[in-house]
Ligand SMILES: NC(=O)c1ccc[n+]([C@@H]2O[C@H](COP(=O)([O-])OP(=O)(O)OC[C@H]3O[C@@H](n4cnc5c(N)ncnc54)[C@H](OP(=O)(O)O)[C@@H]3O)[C@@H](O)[C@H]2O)c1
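The data below hold one chain only, encoded as structure tokens and taken in the form predicted on its own.
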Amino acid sequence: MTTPLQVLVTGATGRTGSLVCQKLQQHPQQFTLRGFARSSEKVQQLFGAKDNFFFGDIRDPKTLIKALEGCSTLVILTSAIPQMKGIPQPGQRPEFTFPNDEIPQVIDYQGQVNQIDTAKASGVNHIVLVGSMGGTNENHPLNSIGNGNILIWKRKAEQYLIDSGIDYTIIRAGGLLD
């Protein structure tokens, strides 16, 4: 019998992250799940127990070290999340913004660089990065949301992973649904 792969999923309490965690938990012979999140309350709501969950912030690479110990695979599902500015008037398009410390440059680029570097230093063999389609199109409408250039920063993180020398899989999702 083979030993299950130790897999760390960052962004474990997000919509896609929680689905990935649930799927990995359905195959305990193949995978041992570790989740990484900021909120223990959200982990409790989604998963009931906090076993195999680590808490920290991708903006602080030191908080990733313990979570990555002994892992062979890292699944990166972290992303900046735009917030609507107020309630739009009827017939007007909503406007969006990002919290100052959670802009795409910080989360989708530097946060992912932190994860890649820490994973590499920890001996992780494979990284799965879930990005977004349209990253090569600077004029894509998603880049205008909150003036965050989110796809540009996601694409820069993808390139950083490609150049890192670690075995990788990049998934460029388009229109993720539950």
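Owing to the predicted nature of the structure, the values given are computational and were not obtained by experimental measurement. Position 1 is the first residue in the sequence shown; the rest follow in order.
Another form exists, predicted together with the named molecule; not displayed. Remarks below refer to it.
Looking at the named molecule in the predicted complex, residues 23, 35 and 66 place no heavy atom within 4.5 Å of it. Residues within 4.5 angstroms of the named molecule in the predicted complex, judged by any non-hydrogen atom, belong to 49 to 57 and to none of the other stretches in 119 to 127, 49 to 57, 24 to 32, 66 to 74. Using a 4.5 angstroms threshold between heavy atoms, residue 164 stays clear of the named molecule in the predicted complex. By the criterion of a heavy atom within 4.5 Å, residue 110 is excluded from the residues contacting the named molecule in the predicted complex.
At the 4.5 Å threshold, heavy atoms of residue 131 reach the named molecule in the predicted complex. Put simply, residue 42 is close to the named molecule in the predicted complex: some heavy atom of it is within 4.5 Å. With contact defined as any non-hydrogen atom lying within 4.5 angstroms of the named molecule in the predicted complex, the contacting residues in 62 to 82 are 77, 78, 79, 81, given in sequence order.
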